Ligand code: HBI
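One chain comes next, on its own, written as structure tokens: the form predicted on its own.
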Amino acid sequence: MSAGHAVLNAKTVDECIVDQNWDQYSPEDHDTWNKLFSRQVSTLKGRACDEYFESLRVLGLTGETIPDFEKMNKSLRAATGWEVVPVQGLIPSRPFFSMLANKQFPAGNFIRKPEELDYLEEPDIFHDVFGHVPLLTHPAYADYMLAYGRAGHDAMENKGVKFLARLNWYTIEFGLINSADGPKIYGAGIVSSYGEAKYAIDNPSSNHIGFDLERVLRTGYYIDDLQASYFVVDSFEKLFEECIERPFVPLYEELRDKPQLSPFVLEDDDNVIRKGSGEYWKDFPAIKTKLK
């Protein structure tokens, strides 16, 4: 999960932003960051897209210590004008969208405990910074995130937040992108996950489906296990074009009366890049009835 999976309340942007308090991280905290960083960079080789590794280089992110946002933002602002702002965890939808619409990415200022290396329900600094922030140095991806934030306020006024949440889930969090060697990882939820990074590419259980905006907006998702299907974009430029050329608000009205689609079922008109075996997720009866 990311800071984008937020609850609704009346907090303002200023009320959500806190101090990072970088000097208060303990040696154990920095060691946890180093272990997570080193393990994940190794895991992503051959699995994550070239754009991610190039963005990691542009950002100058290393595993030595937890990043100091003030220092890291110098590279990020120089690349695309974005910056990272520290928050305590999940934040409300309205300030979240406002931050993105102003080129601010909210990142949790805490790091998981050593015994939580493999999974943490609430997004911490490793998920948010290692997973989300590097690609914000990529102009086309940064433009997509900006457009997503701007679409958020219209979604809140037109009962479309659930549709944007699905778009977030299947692109920003769990998206794949085409390459000469087949689909690669770019979504932060996979990039920052030791287990899912290997599963999404190596395990034949999951479906890989060519990205289609309406299909994604209609497809429910679950948050507590490895995914049954991943949507594959051709490029970040193409993702931006496909999601911006069609106004969202009319789509909300159009899709509201259509049935929800399932990530466990391939549709007849899906562009199936890989038909998964379903071996991992075939016995998920409870999840299949609780899609968002």
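Note that residue numbering follows the sequence shown and begins at 1. The structure displayed is predicted, hence computed values, not measured ones.
What comes next is about the form predicted together with the ligand, which does not appear here.
Asker: Heavy atom to heavy atom, is Leu176 within 4.5 Å of the ligand in the predicted complex?
Answerer: Contact with the ligand, no.
Asker: Would Asn168 count as a contact of the ligand in the predicted complex, using a 4.5 angstroms cut-off between non-hydrogen atoms?
Answerer: Because a heavy atom of Asn168 falls inside 4.5 Å of the ligand in the predicted complex, the answer is yes.
Asker: Consider Pro106 of the chain shown here, and say whether it contacts the ligand in the predicted complex, taking contact as heavy atoms within 4.5 Å.
Answerer: Close contact exists here: in the predicted complex, Pro106 approaches the ligand to within 4.5 Å, heavy atoms only.
Asker: Is Ile209 near the ligand? Define near as a heavy atom within 4.5 Å, in the predicted complex.
Answerer: Ile209 lies outside the contact set for the ligand.
Asker: Heavy atoms within 4.5 Å of the ligand in the predicted complex: which stretch among 83-91, 212-220, 193-201, 67-75?
Answerer: The contacting stretch is 83-91.
Asker: Looking at Tyr186, Phe96, Tyr141, Phe126 here, can you tell me which has any non-hydrogen atom within 4.5 angstroms of the ligand in the predicted complex?
Answerer: Selected residue: Phe96.
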